[in-house]
Structures are given as C-alpha cells and as structure tokens.
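Given as structure tokens, the chain that follows is alone and in the form predicted alone.
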C-alpha cells in the first residue's frame, strides 16, 4: 500500500519512519531535521519556517518514502573529518535535558567560557545534573578549565562525554585532537555540523541543564545553535569597555532578530578589588545598565578581575572557586531560568 506523507505530519516522525526523507529535507533547504523545529513542528510548519515550497516538498517526500527516485536529490552528507577527529554519527541517544542555555557575546575575550564554567559549577553544587557543550570548535577552552583529558568513547547510545571531578559532563573539540594545540582548520558548514553532532550524537543522558559555550561573532556557530537547538534562552556576556559593549550589542540584536530569549546579562572584568578593599574600575565605568535597558533582561552579576580565579582555570581547578560575586551569579541565574521558562 502506498505511503502518504501529509502536511500535518511531524517532521521528526516522518524522518524516524522514513529515513530516506532526510536527504529530501536537506535538498529543499531544511538542513537539521533533529532540531527544535524537526522535533515539534509539522511538515507545513517547517516549510513555512524555512520558507520552502510545501507542495514540491511533499511530492519529493512521498517519492522517497515509497522508494521512488527523486530528481535533484541532494547527495548524502558526510560527517566532518579532520586529522584524528573521528565523529561518527550515532543516531539520537534519547537525551532527557530539562533546560538548554547558550552563553554568547559577539565579542572575543570577555569571558564567555569562564561564565559558562562558573554557572556549571554553581548548578552542580546545588545538586543538579549539568553538562557543557563547548561550541567554540576552533578555540575550545572548557576541557582545560575543568582539567578533563582523554578521548570520548563510543557507547551504546552515542558518544560518551567526559566527566569532571565533581560530575559535570563535558564535550569539546580538543578531546578529539591528537594534541590540544592542533588547529581545526574548518569552514563554517563543518563547524555547524560538528556542533549539531555534539548535541545529537553525544549521550548526555538525563540533565537538568546543558550549557552551550559559543565562540564570538554572529555567524555560523551562533546561528546553528539558535536555529537548531531547543534553547530556553541566552545569557549575554560583556565587559565595561565601550568597544566591547558596541560589539555585544550586535549579539543582542542577533538574538532578538532570531526571536530568541535573553535570560540575563553578565558583566565580566568590571572591577579589581585591592587588598585594602578599594575597588578600581580598570576598564572604565560599568555599561551594565545600558545592556539591561536594551535587553529587558536582568543583570545577573558584575564579576571582578580575580587572579585566583585565573590561576584555578589555568590549573584545571575551576570547580574549587569561591567568591561573593560568584554566589550572586549562581543565585540570579537560577532565578532568571525560573522566570524565563514560565
């Protein structure tokens, strides 16, 4: 009996039942059938979201599902390969993740990875299950910060992430390199595919929070995460310099353009506290209020320049860090999530 795929069928169900349709979706311009749209949206809704022509898409889907040739079908996509980087597809791993939050900036060097690490540590100390997806494919630092090393292995349900001393699950490109200083010389599409693999093909298991540490800029990697992962929201990281603030505003505009939700703003390197208690604003006065006004989101924390924190990160012991500003960040982040997902 012929198969009939209709416009109201959910994309995820279509792909699960008829795997050959993946290439049809890709050929028509819906590249990630396992993203938030694919898991929740109908074929008609996905076509509308990606501005596809519905009828030709349905015609080709039905041909593929019935084993008929499809004219102009995109060739099967190969997974990215690089020297010593075996990233085989493992299929959906049945992840059960309550909240996914991206940490973004647009500006390099403001401390996105640091903020990601501190938030992960704070959540883990509250007894929550936490994972970190290091989306900075060409400049990863999360693994070094947490002191995890080794190569992830292929498990029964996907790639097993490495686990930190205190139980945070981590996946990062440096884990797949023969040497941590080897460059990943990839173009944008390969980087985007690797990020999606880190989400779809890693066996995250059951998590309360998955934090996604993103590279600077507003191009391939951030767009992939914004459009392909079911984010609960974004935390924006900035620093007091006007130049940094200007570039961070590009990131804010990008999130708003893509209809994302900004959960809060973190201002890093806000001040340095001298041994006798004086606070010095090395990079000028705070721009936190301006960012709050622009985003409509709360200021989660103003983090100081702390040599002790830098030392712990270099040594791979960020999980040992304690400070008042850190506690404020931890408390405000949880409140922001509770409000943001309502």
Ligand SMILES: Nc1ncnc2c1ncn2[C@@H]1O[C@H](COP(=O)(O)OP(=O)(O)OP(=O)(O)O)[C@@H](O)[C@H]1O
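Numbering follows the first chain given and starts at 1. Keep in mind the model is a prediction, meaning the values are calculated, not measured.
As for the form predicted together with the named molecule, it is not shown, yet the points below apply to it.
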Heavy atom within 4.5 Å of the named molecule in the predicted bound form - the one residue of 164, 172, 268, 192 that qualifies:
268
Give me the residue from 316, 288, 298, 304 that has a heavy atom within 4.5 Å of the named molecule in the predicted bound form.
304
Is it the case that residue 70, even though its partner is missing from this view, gets within 4.5 Å of the named molecule in the predicted bound form, heavy atoms only?
no
Residue 216 near the named molecule in the predicted bound form, any heavy atom under 4.5 Å?
yes
Contact test in the predicted bound form: residue 108 vs the named molecule, heavy atoms, 4.5 Å
yes
Give a yes/no on whether residue 114 approaches the named molecule to within 4.5 Å in the predicted bound form, heavy atoms considered.
yes
Only one of 308-316, 56-64, 273-281, 288-296 gets a heavy atom within 4.5 Å of the named molecule in the predicted bound form; which is it?
308-316
